[in-house]
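In structure tokens, the next block holds one chain alone, the form predicted alone.
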Amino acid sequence: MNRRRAHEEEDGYERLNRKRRRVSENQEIEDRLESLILRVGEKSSSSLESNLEGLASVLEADLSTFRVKILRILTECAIRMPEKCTIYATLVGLLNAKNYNFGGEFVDYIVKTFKENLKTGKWNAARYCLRFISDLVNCHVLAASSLLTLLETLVDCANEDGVPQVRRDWFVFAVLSTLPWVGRELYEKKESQLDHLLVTIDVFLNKRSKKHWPALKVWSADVPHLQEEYLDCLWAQIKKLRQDNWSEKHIPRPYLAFDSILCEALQHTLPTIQPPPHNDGDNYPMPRVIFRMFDYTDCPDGPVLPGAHSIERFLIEEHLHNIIEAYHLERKECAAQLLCFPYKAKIPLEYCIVEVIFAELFNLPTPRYLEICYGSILIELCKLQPSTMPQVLAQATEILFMRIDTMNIACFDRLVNWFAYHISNFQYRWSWDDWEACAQLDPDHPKPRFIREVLGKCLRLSYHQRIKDMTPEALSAFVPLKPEPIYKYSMEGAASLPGTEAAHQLVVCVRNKCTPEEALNVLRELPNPLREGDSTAAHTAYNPLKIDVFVQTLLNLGSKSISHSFAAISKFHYVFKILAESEEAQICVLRNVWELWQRHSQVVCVLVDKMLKTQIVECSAVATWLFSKEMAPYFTHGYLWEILHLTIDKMNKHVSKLSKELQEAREALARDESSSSESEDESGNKKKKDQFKPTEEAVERMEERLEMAHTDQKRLFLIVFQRFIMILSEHLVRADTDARDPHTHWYRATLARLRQVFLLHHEQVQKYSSTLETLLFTQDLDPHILDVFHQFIALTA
């Protein structure tokens, strides 16, 4: 008996071991298949055709065991590596020729993936799915008539009523962007149906609104390069392709080598695909304007840059954008991949790369990735290609500077940030002398403003003497003042100021490590200038002199570093809260921060940010202060708008955080209620886990907090837009009274800043668009101001 038991145990052990080995072997085979599929098309000693043939045989042999895995990997590769779309289509074509059933299963799988991507709003993945489905026609997996039915269905979605234009635009863009791959095949087999499809698209594009176009242009002028709306540009490229009989020179087509095998395969038809209907919560890709900086005349002798309306330009740019998307987190690898572009012998590659990177950096309303991402990639490109890339980048910088007069203000800011960062990595070397003529221009002109802003940003990355030494004498007026605090209580004539004695006492007190209460005692006897001669003034009125003495003295003592300032704010936070209870008092605090640190804009930005975080000042107070009369002379300085945007961002993040917390609490409460029917024992075991679950009262309190936050957010936007309208309208009235041209550099810059606020915070502002239209952007406003609002509304209309 014991022997039998031992034998059984041994047998069981063997079975278990065999099972483990089998699982392990299967996993190894799966990993090997995945690696083979992923790497097909990479550089190899064998030809692509022989690699594809070999891989198709390997996959066919493993179809019975790993069918689902192979379906998934092929589909994912086609979506994630769209530049290898034709390679994977050829592979599917070869498998279909060998195994018709697998071809049908693959068509079902890719269609299911396409529908899922449409449903979940993964628009890029859906577009690459559609491209892959189209390319299957070239490989005789799908019938051309079947694909045309699908494309017609998608174009019909562009003619739906009651849906946003951005939805309709996407369907047309998706169809147009597949035609370079499959246009020739459709033209040869179904010419009349293809012509009908193109006529439908033409009708749609002709009646389509382009109100949003001016808001998304990098340059307001279309000289020397037309800044085309993305659908118009692609349509012009497709029309040119059609004139060329659908022949292009960029897409690799490995299936041509297997034409004799593929043409004998049986074809499948697509099932009926009906795109999901529009829901109010759906987000669609925003419209774009195609950035153009170079044409063939800018490139020296060598390969010719494809024309703006050639389909090759679209294909090259899309491929480069995909490389940046795939490698943007690894700047060295990204630069190497860009320079290894497969068709670099046919094009001036450095010019194409620089144009695409600047197109990403200047993308409106926001770039895809952090601005520094593009700057770091450009530096790596200069290191990898030192003989050509720095010269192309210098040429691009000069072109951008020459056209800066008509540049969108958000792009202007990004150009300033990039240029300062770039030259800081190359010992600040630049041909500054070439820009000396700018010293003669109006200080508010974009060119002098650009130089001033760049030197200001360079100061943040270096030190004052370094910036002073590198700047030629002719441009010395643009060098920032030495960044040091201006503490009025230690300057000449300070003895006559009313708070000087208290300020000196406070210095001693703080240095002796006093408590916040002791600091308040020093300020207690200071008179309130607001009550002088007015005995009836409310006793609750804030005291500007106390705030003046306290803020300037404390921050001057902490001026050694940002850390010292933060420590001072943290220690005396209680005093700030006592002195700055009302909005007027908070504005007074901000005025004193500015008065002390106006020579060092970075410190002002950092301190305002800290005061917002610690709730010493409210967002509305910062906005009111920035638009006050004493700040008007600084309206063309970038740091003022930096502070405004960080303030709005702070409010938006606060609302977003409360929304997320409320949603999580509601979900937790719903889960709790649904599980309340469980037995008492189970409930007892869960007691510890569930003790932090919110109650209905807690959820109600969170709803109230969120409602208050929404009210504050709406109030902030109302303040910002109302002040914009006031200062712009006052300028127009003054210009009319004095019979002057109102379109000064100041006016154009301020109007551009209004557009920038709309664009950068469009998701949040959109919620209050009807309120803004009713209260502020009424029909009696100046058309230029009103036009900015209408362009914003058209962005997601």
Partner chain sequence: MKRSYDSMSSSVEISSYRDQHFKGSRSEQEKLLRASSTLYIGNLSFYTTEEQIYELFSRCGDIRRVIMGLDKYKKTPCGFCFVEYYTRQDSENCMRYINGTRLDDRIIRCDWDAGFIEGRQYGRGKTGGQVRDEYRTDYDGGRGGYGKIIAQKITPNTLER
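Numbering follows the first chain given and starts at 1. What you are looking at is a predicted structure, and each value in this text was computed from that prediction instead of being measured.
Keep in mind that the form predicted together with the partner chain is missing from the display, and what follows is about it.
Participant: So which of 418 to 426, 358 to 366, 272 to 280, 208 to 216 is the stretch with heavy atoms within 4.5 Å of the partner chain in the predicted bound form?
Facilitator: One stretch meets the cut-off, namely 418 to 426.
Participant: Can you work out whether C77 and the partner chain are in contact in the predicted bound form, taking contact to mean some heavy atom pair no more than 4.5 Å apart?
Facilitator: Contact with the partner chain, yes.
Participant: Would you classify K613 as touching the partner chain in the predicted bound form, given a 4.5 Å non-hydrogen atom cut-off?
Facilitator: Although the partner chain is absent here, K613 would touch it in the predicted bound form, with heavy atoms inside 4.5 Å.
Participant: S563 versus the partner chain, in the predicted bound form: is there a non-hydrogen atom within 4.5 Å?
Facilitator: Yes, S563 sits close enough to the partner chain in the predicted bound form that at least one of its heavy atoms falls within 4.5 Å.
Participant: I'd like to check something about K650: if you look in the predicted bound form, is any of its heavy atoms closer than or equal to 4.5 Å to a heavy atom of the partner chain?
Facilitator: It does: once the partner chain is placed as it appears in the predicted bound form, K650 has a heavy atom within 4.5 Å of it.
Participant: Going by heavy atom distances of 4.5 angstroms or less, which of E317, E703, D712, D609 would be at the interface with the partner chain in the predicted bound form?
Facilitator: Checked against the cut-off, the match is D609.
Participant: Of A585, I238, C373, A621, which residue is found within 4.5 angstroms of the partner chain in the predicted bound form when only non-hydrogen atoms are counted?
Facilitator: When the partner chain is considered in the predicted bound form, the option within 4.5 Å is C373.
Participant: Flag this candidate site as yes only if V223, L226 and K346 all have a heavy atom within 4.5 Å of the partner chain in the predicted bound form; otherwise mark no.
Facilitator: The answer is no: none of the three residues contacts the partner (heavy atom, 4.5 Å cut-off).
Participant: Which residues, if any, of 306 to 330 lie within 4.5 Å of the partner chain in the predicted bound form when only heavy atoms count?
Facilitator: Those in contact are A326, Y327, H328, L329, E330.
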